[in-house]
Structures are given as structure tokens and as C-alpha cells.
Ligand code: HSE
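There is one chain below, alone, in C-alpha cells, taken in the form predicted on its own.
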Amino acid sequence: MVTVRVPATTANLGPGFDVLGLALNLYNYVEMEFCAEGLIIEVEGEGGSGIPRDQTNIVYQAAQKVWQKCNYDCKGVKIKLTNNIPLARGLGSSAAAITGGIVAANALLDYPLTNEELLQVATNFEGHPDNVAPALFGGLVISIMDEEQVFSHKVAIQTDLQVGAVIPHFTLSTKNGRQVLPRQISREDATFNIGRTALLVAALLQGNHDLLQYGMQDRLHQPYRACLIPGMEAAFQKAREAGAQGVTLSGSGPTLVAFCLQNIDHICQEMTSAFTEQGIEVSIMKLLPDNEGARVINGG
């Protein structure tokens, strides 16, 4: 049996739409072992009542992609999932499930695939690498697709940078989050985001956190997704006024994440008040960057 720990992720970080992702120290656990025959799936924690226990389970499906690539015929497997990452909130729950499945499946076969090959498998399954890459590698990961091939680069992040996650109590699927986006953008907006993305990466590389408030500005997706998240723009403003270094929508939302060096409690409470004014309940998580990514912590 192997046990894999997989981090949550926050994608885009404002301007880096479908390109940037950061791993966070909130974890799901996947336990996997071969058995004589059949499929047994147990689930604890987030989404415990709604996650499939049959062959439609994405952890199992992701594992099968690895075994198929390695020409291994799995006769039976037992999987136990312990989930701490909220589902459909923009914190990479599906990427964590996919990553946990492929890493565990690879470990059970004694690691025939490299991490780069696992990233390709995960990206093919997920459709884009912005969440699965940091879930696999940890840290800040810059990912691009060249036709069907994925290329990525990891940057370790200083862990004195705190991340306050304000999680509204409603779900928002990535599909719905993409449906509100325009099919075309202006050259001015493209230039705006290119500059901010470059500045953001440079600021994180050099630890120049004062630049994050500018580097996290975006015109490609957040202004359009605001209609799906009442209170978002007010929460952004309150976070900045309370001293956040930067604030952004996490993935397609509805979670908002504020990057802070201090006063994280005050910043999160201020953001919460913006949602309370809209009649929306939220949960707060105080997190840090995770620079390790998915790890086999038992067996393998």
C-alpha cells in the first residue's frame, strides 16, 4: 500500500490565466493498494457523500491512465480518500484527485514514469496544466502547452508569504466560470496582462512583495467572473485597504485569496464582511505556500 499527500492549489494568481499555479499547504490523502479483484473506494472528509465509489471516480480513472501507459492490467484495487480541500471552490480539488491517483498508481508499479511524464498524463486527463503542475511539483509553476506537449518550470516561494483564503459557501464549476469569458480581447488588455504576469513572476522570484498589488491585476477573466461572485470586487478593495500585498480570485472561484506578510486575520475578516453584506456565508483558511508538491509519505 502507498499513501500520497497532495496539496491544494490556486491558479492564475490574477493575470496568469491558465499559466500560473501555486501549491498551498492544505492536503488530500490517497491510500492505494492492489487487491485480488474488483474496485473498493472509501471516502472521508470533503465531498464524502457525493464522490463516486465506482469506475467513474476520477482518482481511479487517473490511476488507470498510468497503468494503461505502462501496459499494466490492474485486476483489483482498493482506494481510500481523505479529503480536506473543499470541492468546486477554486482550490484545485479535481487536480489534487488526479495528481494523487497518478502518483499513487506510479508508486505501486515502482516508479516507471518520471514526474515529467506524470505531468503529461495529468494534463491530458485534466485538459490544462495550471493546477495539476503545482499539485505535482509544489511551489509556483509556470506551465505552457505547445500543441499537445506541456512544458513547465517550478519556482520555490518564500514561506513567510501567508495566503488567506476566503471561501464562500457556494460552488462554482470551472465550466461555468469559463462560460462568462469573452471569446476575444483587445490588444490593450492582452498587453496589460502580459506585463502584469511578468512583473508578478519577477516579484515572487525576488521576494519583492510590494509589487504584488500591481502584479496581480488582471483584465482577462476576473472582471467577467465578478458577476458570478457577489461581493468579490468589494472584498478585493477591503483586502487592499487592510494591507494585503495582493488579492486575487483563486482559479475560477468562488474562493478569494489574499497574499499577506502580516495582519492576515484582519485582512480575512475585512474580506468576509464584503460577503456578509451580500448575505453569503464564508469559511476562512490561513495557508502557506507548499514547495514540495505531491509526496509518497508511506510505502512505495
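The first residue of the shown sequence is 1; numbering continues from there. Fair warning: this is a prediction, and the values are worked out from it, not measured in the lab.
The form predicted in complex with L-homoserine exists for this protein as well; it is not shown, and the discussion that follows is about that form.
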With the partner left out here, check for me: in the predicted bound form, does some heavy atom of A11 sit within 4.5 Å of L-homoserine?
yes
So in the predicted bound form, does any heavy atom of N28 sit within 4.5 Å of L-homoserine? no
inquiry  = So, D18 and L-homoserine: in the predicted bound form, are they within 4.5 Å at any heavy atom pair?
reply    = yes
- prompt: Though only this chain appears here, would N131 touch L-homoserine in the predicted bound form if you measure heavy atom gaps against 4.5 Å?
  reply: yes
Only one of 244-252, 265-273, 29-37, 228-236 has residues with a heavy atom within 4.5 Å of L-homoserine in the predicted bound form, and that stretch is 244-252
Residue within 4.5 Å of L-homoserine in the predicted bound form by heavy atom, from Q162, T174, N193, T123, is T174
Checking R178, H153, K78, H169 against L-homoserine in the predicted bound form, the residue with a non-hydrogen atom inside 4.5 angstroms turns out to be R178
